[in-house]
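So this first bit is one chain, no partners, the form predicted alone, shown in structure tokens.
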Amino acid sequence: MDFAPSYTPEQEAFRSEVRAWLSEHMPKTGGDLDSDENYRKFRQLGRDLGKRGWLRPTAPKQYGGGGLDVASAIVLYEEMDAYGLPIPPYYDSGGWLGGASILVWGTEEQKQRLLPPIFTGDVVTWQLLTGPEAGSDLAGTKTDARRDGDEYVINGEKIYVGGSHGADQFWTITRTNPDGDRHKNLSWFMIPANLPGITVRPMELLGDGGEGIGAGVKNTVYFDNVRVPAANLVGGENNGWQVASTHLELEHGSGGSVGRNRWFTRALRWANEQQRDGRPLIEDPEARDRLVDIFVLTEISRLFGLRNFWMNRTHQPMTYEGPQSSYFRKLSGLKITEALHSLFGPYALTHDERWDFSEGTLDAYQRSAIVALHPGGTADIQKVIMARRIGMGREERESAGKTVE
């Protein structure tokens, strides 16, 4: 069975347009892609994409998006993926998730003011959710926002904040009523990152900060009497859990993804290049078995992402699909690392040039696969959400978070 999307002549003509444009605008880089110099180049690529509406291709035109149909958006993502890049071509998790949440819950004034800079690449936004006291229990946050006239005064601490090279703004969940009922005392703010009282410090962790240019590290962000305009409160005071339902629905996998089967392609290439007992590794029957394992796991994950991308962008009803994709991706990541370890041996996970033909890629992937069990909701949380969505243990099924107006 062929799971590849099919395209009309008009869509293939659009592909040719995109391909030609990217060949002219893709930055020339060298060395570390995440260096300051290269990061600036990819930020500029993002702005150039934004001018054409290609940075947020399915977002409404009136807010800086492209207003494209889902098939054209898939074409764009596929052509960027050919360069090994997502859209946007740098880490902007708060822009992706915060922008989508503002589209659903923001006022018209907020959409007109906050969305165009995100959708055209003028700002980079980090998402600030987890605190020392509340990770998976997001409603337990103790980062407080107290109303003071036309401003809110914010105090608290957020950890595991992904991003390097700095941010322009923070998409942040806070507690606006310390004495209120859980889930009814939360609020979201878009906070300018240059306000007085904000401190950002990198964290040292087992894994890297995430995939993508500009992901870099994880950070701790401190708020010390930070005064934020009340106009930057999104969704209304103490309505933050409803806004979070949109954010988390997308973060848990309902937004989907478009991309090629990269890990299998890498493993296949390495298996052809590496020798075992004087022969190419690919000739070993056990090695081929491990390659099949890797292909099956990575291809299922790719198809889950493509399915969810299509369902989300075409506004299909969704229930368990997002957490299903997230859960499979998290668990299969560990299985893939086991298969890679069996295929290439433990020395490939070192940084010894005699053995590490992957230039650190295998080592980084193994550490990241362990860490990836937690961000965006742990594997156990994904199981709980799936159970609630199909009605297990409850009289009524839990509804998926609202991701469109």
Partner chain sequence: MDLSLTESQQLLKQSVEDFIEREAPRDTLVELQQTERGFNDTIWKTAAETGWLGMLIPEQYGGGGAEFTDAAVVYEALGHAPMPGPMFSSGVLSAQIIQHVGSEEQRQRHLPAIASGEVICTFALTEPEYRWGLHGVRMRPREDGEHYVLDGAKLFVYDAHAADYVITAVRTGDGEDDIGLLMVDTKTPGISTRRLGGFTSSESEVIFQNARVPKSALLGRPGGVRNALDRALMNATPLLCAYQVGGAQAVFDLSVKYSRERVQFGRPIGRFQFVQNHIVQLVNHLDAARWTTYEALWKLDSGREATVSVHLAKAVTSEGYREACDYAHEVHAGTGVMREYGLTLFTRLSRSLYHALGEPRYHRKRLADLVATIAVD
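As the structure is a computational prediction, the values presented were derived from the model and not from experiment. Residue numbers count along the first chain shown, from 1.
Unshown form predicted in complex with the partner chain; subsequent notes refer to it.
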Contacting member of R40, H351, K61, K51, with respect to the partner chain in the predicted bound form [4.5 Å, heavy atom]
H351
Tell me, which of D293, E157, D284, D144 has a heavy atom within 4.5 angstroms of the partner chain in the predicted bound form?
D284
Even though the partner chain is not shown here, does G135 get within 4.5 Å of it in the predicted bound form, heavy atoms only?
yes
Non-hydrogen atom contact R182 with the partner chain in the predicted bound form at 4.5 angstroms
yes
Taking 4.5 angstroms as the cut-off for heavy atoms, does V18 touch the partner chain in the predicted bound form?
no
Contact label in the predicted bound form: H25 to the partner chain, heavy atom within 4.5 Å
no
Please state whether every one of the three residues R276, T337 and S342 places a non-hydrogen atom within 4.5 angstroms of the partner chain in the predicted bound form.
yes
Where, among 53-61, 25-33, 40-48, 372-380, do residues come within 4.5 Å of the partner chain in the predicted bound form by heavy atom distance?
372-380
Sequence order please: the residues of 354-370 with a heavy atom within 4.5 Å of the partner chain in the predicted bound form.
R354, W355, D363, Q366, R367, I370
